[in-house]
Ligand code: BGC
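Given as structure tokens, the chain that follows is alone and in the form predicted alone.
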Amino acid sequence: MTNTSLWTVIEETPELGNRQAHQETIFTIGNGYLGTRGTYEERYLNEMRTTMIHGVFDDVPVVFTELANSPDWTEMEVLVDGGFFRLNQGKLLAYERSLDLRTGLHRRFVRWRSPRDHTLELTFERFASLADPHLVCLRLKVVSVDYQGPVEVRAGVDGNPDNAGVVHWEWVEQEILSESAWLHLQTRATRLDLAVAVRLAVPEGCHVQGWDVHNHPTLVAEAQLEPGKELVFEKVASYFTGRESSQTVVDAKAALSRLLSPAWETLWQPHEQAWKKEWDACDIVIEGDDEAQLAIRFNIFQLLIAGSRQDDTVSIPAKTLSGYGYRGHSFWDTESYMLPFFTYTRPAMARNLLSYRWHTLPGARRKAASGGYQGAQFAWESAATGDEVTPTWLTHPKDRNALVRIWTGDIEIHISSDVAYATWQYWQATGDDAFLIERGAEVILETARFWASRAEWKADKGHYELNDVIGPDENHEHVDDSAYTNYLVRWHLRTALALVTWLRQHAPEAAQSLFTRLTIDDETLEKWREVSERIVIPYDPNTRLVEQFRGYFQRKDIRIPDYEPRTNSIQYILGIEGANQVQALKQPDVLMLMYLLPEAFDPAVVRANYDYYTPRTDLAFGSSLGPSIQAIMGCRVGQVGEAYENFMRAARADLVDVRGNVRDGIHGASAGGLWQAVVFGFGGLAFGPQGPSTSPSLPPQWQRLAFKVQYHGRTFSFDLRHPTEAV
């Protein structure tokens, strides 16, 4: 029998205070087309009612563009016993809200005594269909314990959503029909159409009327409640945007007209089957550690509802589709942290995510050209077109009246190699030659052209440098020869050269066409070879240390444990400039490098760098991207206890809100990193000529670790235990 507690996130007390926004994020549902935050159906102060749809961007001052909060479909207000049902009025006798990770069902049960002293039970359920991504469904069951009288349900579609005060939509038209309504809007700047159609199914004998409120069409039903009687109201909505439809209103209406009324059961069955298919491929079993088990499933769920199954022109935002953090922009978080999960479990989705980078090559080319470089330079923050959308200035974290210059969009350039690495990794894992030839090769080669033009030749030193950059560790800006960046650039250029040879052998016609279009000739290849051989690689063979960047060892030494106890990051404590002058790291660049390129470093080098950089890395309050990689490297150097500690930091990032910022959305990179920590860290998964194998380093309390990966079209299952427990 399935232990539901290991599949279910539960809230036992309603949150209408400081943790309200955190819980809204945690109870997000979605289907890879849209994501809806877990706000309550009835309205409350300070809520962030949000439905984000992939690719629906609109302009906003200062930060260029952002995902536009779409019309709300979850509104369902209940008027009963002379007033509205409210959690903060009357008396709450019983309450439980749950998110079933197996099926994406969001459920809330309330036993409530009204201010007039009558008791009712209300059950709200909702899901975003995984079988038909344009459909979402909400059901309300009302049971009277001792009340007799009317109950009124108001189910609206609010066309006035905002992004923390910024309004992106203009009303176009709307219509109220017998038991349905539709709303047609358009984004203010990008002129993108959106239509939402909604239908209300009601108990037999109940009449539905429509309130034709401007930009908020509302369906209203009234019925009679009697003690012991259950009434069921069902709301189904369909969303279509101009990105996938040339007739959004027609398609939104048609999607509902094809459904039975009520539609819950007919929609639920294929939805449930779709989720079963996902979990059959993606589930991880951890026995002996219930917190870790629930956490890994929660994070896998968040990845599965964020990645598109149908659209290869969108990526996954850093905060997925669950909040306003980073305005819905995509970073290296997708390729370096989230993508491996998809590559090794849902490769078709990985292909879509990588295709986004291919589609946005024109924007990457514009960014390279704007700096005077060749090829394609991927934006640090990317949206619809691939052009750079990183804000130039943001409010100072300690002084709301001051601004801070944001340099990442200018000089955090390692992302171009991160994308190339993910593309190559996908091809190696899948053998998808067609993708490599048709899309992936262009991504790898165009970004290689950028690096060859970006590298600076220093004749007096006889080598190439990459100066004035930011590595993944954003505590240090304007550094020269970042180890992470330089090592990956060397790997990138060597891989590009190998790819050219492979293309000439396996797809000569396509290769010649691509080389001609990209102006890749013998001179180009020689430049790549020269830069790869003569780029600065900051390594000291005496200490076995890879210097994070040139001059890092000359900065003031600092050990993070000396600052405990604390509740803020080292950068916050020391200030932006103060942190830049010391050796405190936001995340472990060098260890991340050694994780990605294990063949480049022998075990003694790895151990020396692990020992040096670990006490200097702000794993508790620095980047949410750090703990998962630290966990993997802890396993590799035999520090399983430390690995587990960092694994749990990542596991609790969202569920416990360890950094206090989950209100802004799910930490998508941490979710992907957690999967990697389990599979590549504790599981010790590696790939060789014979395929995948494992060398596990299980925490003592883990009695069993089981997972599946896909490799070259085959599914490999691993069931790992401690050596003394092996069967």
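Heads up: residue numbers just count along the shown sequence, starting at 1. All of these numbers come straight from a predicted model, not from anything done at the bench.
Beyond what is shown, the protein has a form predicted together with this ligand; the following relates to that form.
*Asks:* Counting heavy atoms only and using a 4.5 Å cut-off, do 331, 474 and 625 all touch this ligand in the predicted bound form?
*Replies:* Checked in the predicted bound form: all three residues contact this ligand.
*Asks:* Among 185-193, 562-570, 305-313, 323-331, which stretch has residues with heavy atoms no more than 4.5 Å from this ligand in the predicted bound form?
*Replies:* Single hit among the candidates: 323-331.
*Asks:* Heavy atoms within 4.5 Å of this ligand in the predicted bound form: does residue 127 have any?
*Replies:* No, residue 127 stays farther than 4.5 Å from this ligand in the predicted bound form.
*Asks:* Is there any non-hydrogen atom of residue 355 lying within 4.5 Å of this ligand in the predicted bound form?
*Replies:* Answer no; every heavy atom of residue 355 is more than 4.5 Å from this ligand in the predicted bound form.
*Asks:* Verify the contact flag for residue 342: yes if a non-hydrogen atom of it lies within 4.5 Å of a non-hydrogen atom of this ligand in the predicted bound form, no if not.
*Replies:* Contact check for residue 342: no, nothing within 4.5 Å of this ligand in the predicted bound form.
*Asks:* May I ask you to state whether residue 614 is within 4.5 Å of this ligand in the predicted bound form, using heavy atom distances?
*Replies:* The answer is no: residue 614 has no heavy atom within 4.5 Å of this ligand.
*Asks:* Please identify the residue among 199, 449, 586, 168 with any heavy atom within 4.5 Å of this ligand in the predicted bound form.
*Replies:* None of the other options qualify; the answer is 586.
*Asks:* Let me know the one among 436, 364, 318, 488 whose heavy atoms come within 4.5 Å of this ligand in the predicted bound form, would you?
*Replies:* Only one option qualifies, and that one is 318.
*Asks:* Can you name the residues of 373-396 that have a non-hydrogen atom within 4.5 angstroms of this ligand in the predicted bound form?
*Replies:* Only 380 sits within 4.5 Å of the partner.
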